[in-house]
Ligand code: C5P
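The chain that follows stands alone, in the form predicted on its own, written as structure tokens.
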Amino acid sequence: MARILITSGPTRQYLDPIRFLSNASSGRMGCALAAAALDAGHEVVVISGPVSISYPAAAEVIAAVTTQEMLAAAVEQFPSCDGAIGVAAPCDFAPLVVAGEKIKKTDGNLTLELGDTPDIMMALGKMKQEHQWSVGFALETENGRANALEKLRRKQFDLIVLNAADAMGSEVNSINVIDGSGESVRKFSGSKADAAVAIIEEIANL
């Protein structure tokens, strides 16, 4: 059986010691994938951002807060894994300057200058060896299929899972699993637990 790396949940990019940029990712899809992979007999290591859920006890869980921390853990773990599933929603932007003290509220507006954070799954795609595979997720608000296909090719995914923005924080998900040729190999709507089983089955079909 395989050793599978799963990135899960959000990351945070701090503006000051109190405030941060993040998103509504709950980690539920990552948790469901970990459970489905374990049930299928695989070994699982989860790298998770801050979440309020609990991952399966049989999974190895590595905590990360920032996108940079999640990247460092993923790069360290990936060489010992057979494949990676990038279901995390890392914060894509970070302030160029992080205040050392709490930013005080004033009567004027606050302007933030943001820069890109590193792309975790892009980095793993460049590391991927012949025996390894990678699966990405695309959460899109428009031009979903086209954007997912572009991401699949750019990040060298073997499969990509397209889902909608309303999946964030929800117990259910509607997915479209697309393979490396751009063909839809599985469509499913239902609980995240059942969606995870469908995804693990399609990975096995690789």
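In this text the structure is predicted, and so the values were computed from the model without any measurement. Numbering starts at 1 and runs along the sequence shown.
One more form of this protein should be noted, the form predicted in complex with cytidine-5'-monophosphate, which is absent from this view; the next part is about it.
In the model of the complex, cytidine-5'-monophosphate sits within 4.5 Å of a heavy atom of Thr117. In the model of the complex, at least one heavy atom of Gly136 sits within 4.5 Å of cytidine-5'-monophosphate. Contact annotation: His42 falls outside 4.5 Å of cytidine-5'-monophosphate in the model of the complex, judged by heavy atom distances.
For Asn173, no non-hydrogen atom is located within 4.5 Å of cytidine-5'-monophosphate in the model of the complex, even though that partner is not displayed. Note that among 147-155, 44-52, 57-65, 26-34, the stretch whose heavy atoms approach cytidine-5'-monophosphate to within 4.5 Å in the model of the complex is 147-155. Contact residues in stretch 78-100 (any heavy atom within 4.5 Å of cytidine-5'-monophosphate, taken in the model of the complex) are Gly86, Val87, Ala88, Pro90, Asp92.
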